[in-house]
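For reference, the chain that follows is the form predicted alone, supplied as structure tokens.
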Amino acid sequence: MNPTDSTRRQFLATAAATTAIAGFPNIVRAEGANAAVLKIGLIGAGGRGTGAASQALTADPNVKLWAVGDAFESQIGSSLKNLATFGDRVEVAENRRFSGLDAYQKVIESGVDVVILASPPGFRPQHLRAAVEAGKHVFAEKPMAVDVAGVKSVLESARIAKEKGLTLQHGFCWRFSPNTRAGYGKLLSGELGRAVSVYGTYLGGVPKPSTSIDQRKSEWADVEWHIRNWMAHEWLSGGPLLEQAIHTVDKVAWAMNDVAPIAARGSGGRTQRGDDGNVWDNYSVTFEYPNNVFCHVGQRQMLGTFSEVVDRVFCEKGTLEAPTRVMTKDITGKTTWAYRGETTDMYQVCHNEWFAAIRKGEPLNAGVYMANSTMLGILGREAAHSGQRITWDELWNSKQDFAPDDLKMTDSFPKEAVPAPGKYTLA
């Protein structure tokens, strides 16, 4: 795909142009489809995966959890225990509980209709491809990949899903938050005039502390050890700018009406982290857009520091602030509007809309902007790691691929060095 084509320059427009679906799978085309029971397969039974399964079971009364897969068997039992409140709608027999790195394939082959992808994002492109090739509706948690090869694979999977008439929903949850949608709606309607800059932050603590190296068991090979500490390893998590602050990055894309950027530059480092992984714990990145617009994202995962997740979108006629308190201000700083409506759980809204689309046979396929927002995060990370200004087109021409798809739990896979600006280069 040519990186300079219109797909990249206005990627939401391309996504919105998803039409002429050949036909939905039999489950939704058959007579009485609205009452048909949909079987859910959960791939990745950690905290977020379990939460997504709960939201799926809440979204539609005629769905049941049918199969669960995870790299580690202990995660499955813990997840099912947390979902026990759904009673007999959690119908995961022992022979439909799969562990190991091939668990995703076994879940897909277990007779499910929809799958939830919530394993570490390094596996996401592989799992997504297998799911859409098997004809399953998919919810994919963010980010959708950790490297350039992964993003390109996601785009190809989105194309396959479109051809098969499958729904493809995403985990950029703030796009489903009623108050944030209202605020960004005002922005995108032009009410505030043209956006001239964005300042977004995702400043917090460490969401999942890594296990100390001295707790590694001798029987754990590199791959198993890394997966047990996946947030510390870039080939699995993509690093904190991509794994967590991707929400703020995605809102930059949203604020810019999903127009592709020109380039990015940035800095950061590894200040507090003491684990044996290779990810940084802070980033300061600026994305350069057409018409002399610059958008900044600050990310930090450090203990003993103040927390803030705020978007400030500066426009010709005022400012939008989100996502916790969503309001607009005039150029003097005076509040001109504040959201007063209901604040329905954005995670639940995401799944409500997903299952509604499946039931109605609507061509919901967010694959293109899922991929592009992920690529925007990679652009910022790579600019910071290298210490260079990297263009959008240079990134799309990159051959970056962090890991093969055929790794086994028992494989040796030495960690990459911590990126050093001035020495690290984009592949």
Partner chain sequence: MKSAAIVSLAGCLIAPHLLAELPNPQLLPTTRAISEIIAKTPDPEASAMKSYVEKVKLAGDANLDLIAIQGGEFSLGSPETEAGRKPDEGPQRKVRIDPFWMGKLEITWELYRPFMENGKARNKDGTLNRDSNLTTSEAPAVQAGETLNDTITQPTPPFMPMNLGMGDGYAKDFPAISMTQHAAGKFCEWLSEQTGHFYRLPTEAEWEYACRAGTTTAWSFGDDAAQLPDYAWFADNSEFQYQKVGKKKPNPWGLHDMHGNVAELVLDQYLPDSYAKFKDGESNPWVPAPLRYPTVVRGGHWDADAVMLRSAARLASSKDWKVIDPQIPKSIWFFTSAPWLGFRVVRPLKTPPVEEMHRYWNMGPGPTE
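Residue numbers count along the first chain shown, from 1. Small disclaimer: the values here were computed from a predicted structure and weren't measured.
There is also a form predicted together with its partner chain; it is not shown, and the following applies to it.
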Does any heavy atom of Ile331 come within 4.5 Å of a heavy atom of its partner chain in the predicted bound form?
no
Flag Met256 as yes or no: does it have a non-hydrogen atom within 4.5 angstroms of any non-hydrogen atom of its partner chain in the predicted bound form?
no
Would Gly387 count as a contact of its partner chain in the predicted bound form, using a 4.5 angstroms cut-off between non-hydrogen atoms?
no
May I ask you to check whether Gly47 falls inside a 4.5 Å heavy atom distance of its partner chain in the predicted bound form?
yes
Looking at 213-221, 257-265, 148-156, 98-106, which stretch has residues with any non-hydrogen atom within 4.5 Å of its partner chain in the predicted bound form?
213-221
What I'd like checked is whether Phe176, Lys186 and Val349 together line its partner chain in the predicted bound form, meaning each has a non-hydrogen atom within 4.5 Å of it.
no
Which of Asp276, Glu73, Glu191, Asp345 has a heavy atom within 4.5 Å of its partner chain in the predicted bound form?
Asp345
Contact residue in the predicted bound form, chosen from Pro120, Gly204, Gly298, Gly318 - any heavy atom within 4.5 Å of its partner chain
Gly204
Residues from 229-257 in contact with its partner chain (non-hydrogen atom within 4.5 Å) in the predicted bound form
Gln244
